[in-house]
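Only one chain is shown below, in structure tokens, and it's the form predicted alone.
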Amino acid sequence: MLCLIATEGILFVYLIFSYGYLASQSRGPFVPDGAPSLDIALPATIALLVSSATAEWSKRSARSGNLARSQLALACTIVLGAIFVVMSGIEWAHKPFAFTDTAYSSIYFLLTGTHLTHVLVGLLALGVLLALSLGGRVKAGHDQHRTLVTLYWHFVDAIWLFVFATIYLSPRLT
């Protein structure tokens, strides 16, 4: 799992580097309409960060033998992750540009879309873990399953902070 996370982390390093490279090569304003609005992105970010806390709460509850609380926390994590996905979809739908319009639009959709794909994979893993837990197939002693899924979810959340800083905060600094 650590090799997978390291590989995925390198993918995002390349994408963020590409964003910086494209911005440095731009002859005019790289972000056509100014810095992206935080109206949707900020609440989505908060939902995603809180979901990391609920994922950790789920793992620790299972370790202490409280499976019901663990399942509840896992369900909360899934809901918060789904909120992030929906809010990202709303933001995409309201963008005044398409994927192929400019270099900025291409890297915007590529970077956020790659992250969104990772969130969806994480939600699938969390959903499977919750279903197996509710079915009694993953019990309190199966800590490795919870640890791996929680580690991946923390990775997805941590990567978002870098994506968020690149897409939403860096245009405000220039």
Partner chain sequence: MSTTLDRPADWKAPQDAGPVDGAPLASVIPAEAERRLAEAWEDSPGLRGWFGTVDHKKIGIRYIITAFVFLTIGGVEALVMRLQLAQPNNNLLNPEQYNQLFSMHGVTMIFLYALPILSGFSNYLWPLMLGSRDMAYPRLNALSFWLYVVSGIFLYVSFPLGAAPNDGWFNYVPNGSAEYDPGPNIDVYCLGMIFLGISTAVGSANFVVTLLRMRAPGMSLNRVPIIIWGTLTASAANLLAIPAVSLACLMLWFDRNFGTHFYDIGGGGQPLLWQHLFWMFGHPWVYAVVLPAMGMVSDGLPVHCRRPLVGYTLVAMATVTTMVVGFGVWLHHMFATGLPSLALSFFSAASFVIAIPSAISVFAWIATIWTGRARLTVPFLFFTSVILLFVIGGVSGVMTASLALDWQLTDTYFIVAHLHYVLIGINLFAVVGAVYHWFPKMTGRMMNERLGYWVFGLMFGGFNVAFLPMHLLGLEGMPRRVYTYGADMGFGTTNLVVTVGAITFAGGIGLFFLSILLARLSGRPAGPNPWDGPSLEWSIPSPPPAYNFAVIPLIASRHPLWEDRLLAEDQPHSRLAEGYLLDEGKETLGVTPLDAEPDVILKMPGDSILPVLLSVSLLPLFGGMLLLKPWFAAAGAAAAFAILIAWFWPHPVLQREEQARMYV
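In this text the structure is predicted, and so the values were computed from the model without any measurement. Numbering follows the first chain given and starts at 1.
Quick note: we don't show the form predicted in complex with the partner chain, though the next part is all about it.
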Problem set entry | the partner chain contact in the model of the complex: Leu148, any heavy atom under 4.5 Å | yes
Exercise. According to a 4.5 angstroms non-hydrogen atom cut-off, is Thr102 in contact with the partner chain in the model of the complex?
Worked result: yes
For this session: Using a 4.5 Å heavy atom cut-off, state whether Thr45 contacts the partner chain in the model of the complex.
Result: no
Problem set entry | Close approach of Val128 to the partner chain in the model of the complex, 4.5 Å, heavy atom | yes
For this session: Please name which of the stretches 52 to 60, 65 to 73, 139 to 147, 37 to 45 has residues with heavy atoms lying within 4.5 Å of the partner chain in the model of the complex.
Result: 139 to 147
For this session: Please state whether all three residues Met1, Leu110 and Leu132 have a non-hydrogen atom within 4.5 angstroms of the partner chain in the model of the complex.
Result: yes
Exercise. Heavy atom within 4.5 Å of the partner chain in the model of the complex: which residues of 10 to 29 qualify?
Worked result: Ile10, Leu11, Tyr14, Leu15, Phe17, Ser18, Tyr21, Leu22, Gln25
